[in-house]
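As a starting point, one isolated chain is supplied in structure tokens, in the form predicted on its own.
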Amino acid sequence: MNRIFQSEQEAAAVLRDAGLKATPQRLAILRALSGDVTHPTAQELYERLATHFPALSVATVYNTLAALTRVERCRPLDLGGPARFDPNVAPHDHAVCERCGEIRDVKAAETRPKPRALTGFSVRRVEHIYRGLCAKCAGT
């Protein structure tokens, strides 16, 4: 679920559950990601936080995002180009504007057929990506 942490202690508990120390840099990464509907890349998160945390490294951002993915507090999106990270782990789809790159969460279609079982393969999730133009780029 996409949520904003109400307290530093709540965010620190998520990091501890992921097996990470609750350093100021990691707390900042988690808090910057939580509630962010832009689906940022690791580089974008790094650039947002680097001025406030000069000791922050891109590796710390990637490692923190990997740990948060493992404990299902975010999920990476492969939309072409660098991975983007979504703090909303509830089932949903995405709409991507082909002109400006905006990414929007879309409620998953409830009438979508269930994926068929594949021999030797266990389906963990199904993702749908809708590509087109956002209202701003379409001029509507």
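Counting begins at 1, following the sequence as shown. Think of the rigid core as the biggest set of C-alphas that the two forms share within 1.5 Å after superposition. Values in this document were obtained by computation on a predicted structure and should not be read as measured data.
Same protein, other form: the form predicted together with the DNA, not shown, and the subject of what follows.
Put simply, R26 is close to the DNA in the predicted bound form: some heavy atom of it is within 4.5 Å. Contact annotation for C74: none of its heavy atoms lies within 4.5 Å of the DNA in the predicted bound form. Using a 4.5 angstroms limit between non-hydrogen atoms, L20 touches the DNA in the predicted bound form. The closest non-hydrogen atom of V37 lies beyond 4.5 Å of the DNA in the predicted bound form. Checking R125, R131, H128, R16 for any heavy atom within 4.5 Å of the DNA in the predicted bound form turns up a single hit: R16. A heavy atom within 4.5 Å of the DNA in the predicted bound form is found for one listed residue only; from A32, A83, C97, V106, this is A83. For the partner-free chain shown, nothing in 122-136 comes within 4.5 angstroms of the DNA in the predicted bound form, judged by any non-hydrogen atom.
Once both forms are overlaid on the rigid core, the distance between the two CA positions of K21 between the shown form and the other one is 2 angstroms or more.
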